[in-house]
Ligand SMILES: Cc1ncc(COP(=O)(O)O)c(C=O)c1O
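In the form predicted on its own, a lone chain appears below as structure tokens.
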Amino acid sequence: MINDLSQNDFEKLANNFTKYISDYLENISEKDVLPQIKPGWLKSQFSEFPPTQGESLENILKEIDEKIIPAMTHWNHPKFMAYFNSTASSAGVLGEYLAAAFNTNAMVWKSSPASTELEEAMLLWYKNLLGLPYFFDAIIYDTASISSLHAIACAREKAYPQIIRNEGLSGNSKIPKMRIYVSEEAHSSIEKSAITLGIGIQNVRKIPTDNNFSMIPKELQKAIEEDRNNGFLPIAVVATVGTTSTTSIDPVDKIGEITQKENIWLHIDAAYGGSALVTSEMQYIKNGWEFADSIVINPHKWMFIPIDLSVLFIRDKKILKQAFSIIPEYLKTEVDDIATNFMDYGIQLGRRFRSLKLWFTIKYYGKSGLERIISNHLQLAKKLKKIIEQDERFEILAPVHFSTLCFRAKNPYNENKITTNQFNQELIDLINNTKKVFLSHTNVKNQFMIRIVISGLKTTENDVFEVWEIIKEEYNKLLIKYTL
């Protein structure tokens, strides 16, 4: 009866897999960034029913090249410049490898003391690495969506301690309709949080933004006053430092003054931008963070941690526990009064050993190594911005705060022949169809923008310049199409 690999077989196969991973990471730039398949292709490679007899892991590894790699979008590729790139460093991969082998479940301290206490230690490291105020506690979740969900839940709990937790919202006449305030450019996860928490999308009020796509504080104040007069209960404001579309920065200092005066929870979404705090040049983005009740930053977005790892910083961790702690008898231990049980601080019970890959990455690079890499990304963005600004065929459409650029091609034709938005939609399709680069887009204030995100661990200056050459080549092809 086969239960598992013998030690010798495991070591042999682990060496083969390690060699495969090493070759993949080393030679990834030789691959197309985007797969050349149509939806449903990979699924069609598998039969309807699982095999009756087991197969060797050697054969499974062979099928990776035949089936999985052809369907892969390669996020580690140096020319993957879409969304917010998430590169897995070798150190982070090894940390993930060990975490899988240890297979701990850090529900309570006793179920995995190492997982619990390493998380506490690494969160202290991370807080100091970014220079965040001492009064913040922290916890690791999977993604920013879940971190923000917990932050909004805390805002709800602060507004009505224990009542919603115990009685719920359904048919509860004690609870007026709650309001959450975000900018027009806030991430959709806040609306999903409102859905999940019973607040509702209609009660997420979007505040207008200025020409830099930043929330207008006067409009926020006006909205809060209007809602209070109409019987609504404002419970939270979400300010974004590095919005998803344009990486705009909301004026947190002015927003913080309003939330403090109005006694409203202030949550800062810095999922992407927060990692830039590892550099000395980006410290200004913390302006006003002392007002925050909670902050989310994702190390997996721009600190080379394999997906997924998000950190929620919170001023008063007791509110988080008050909102979520339920302790069944079988999880009570004799050290509950002196140890941290992370299951008390969120919706999840089971918890992966995520802090291990955070430790490996910070330990391997150190602050100076991380600062050097991220500073280089910032400098490359500035160089590319200058190049685009000097080319009369293109224009920058948003401030470049971090390493993301939003631009478009100017329309060389009459809008009746093809609109500027349509021209740029066709342009990005041509660029991505080369499979040599992957860019994403957004549409803000009815302006279609092409986004370039320079945050890949392996991305060099040559990669950035090569991408720009591809953009110009495809632009010329598009001109020919509409000239003929």
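Keep in mind that this is a model prediction, so the values were computed, not measured. Residue numbers here begin at 1 and follow the sequence given.
What comes next is about the form predicted in complex with the named molecule, which does not appear here.
query = Heavy atoms within 4.5 Å of the named molecule in the predicted bound form: does D250 have any?
reply = Result no; D250 lies far from the named molecule in the predicted bound form.
Touches the named molecule in the predicted bound form: G242 (any heavy atom, 4.5 Å) = Contact with the named molecule, yes.
key: 4.5 Å heavy atom contact, S403 to the named molecule in the predicted bound form   = S403: no contact with the named molecule in the predicted bound form.
query = Counting only non-hydrogen atoms and a 4.5 angstroms cut-off, does C154 reach the named molecule in the predicted bound form?
reply = It does not: once the named molecule is placed as it appears in the predicted bound form, C154 has no heavy atom within 4.5 Å of it.
Among 96-104, 342-350, 311-319, 136-144, the region lying within 4.5 Å of the named molecule in the predicted bound form by heavy atom distance = Only one stretch qualifies here: 136-144.
request  = Could you check which residue among F291, F84, Y160, W359 gets a heavy atom within 4.5 Å of the named molecule in the predicted bound form?
outcome  = So the residue touching the named molecule in the predicted bound form, by this definition, is F84.
ask   = Taking the named molecule in the predicted bound form as the reference, which of S183, S355, T246, N298 has a non-hydrogen atom within 4.5 Å?
value = It is N298 that has a heavy atom within 4.5 Å of the partner.
ask   = Which residues in 56-74 have a heavy atom within 4.5 Å of the named molecule in the predicted bound form?
value = The stretch does not touch the partner at all.
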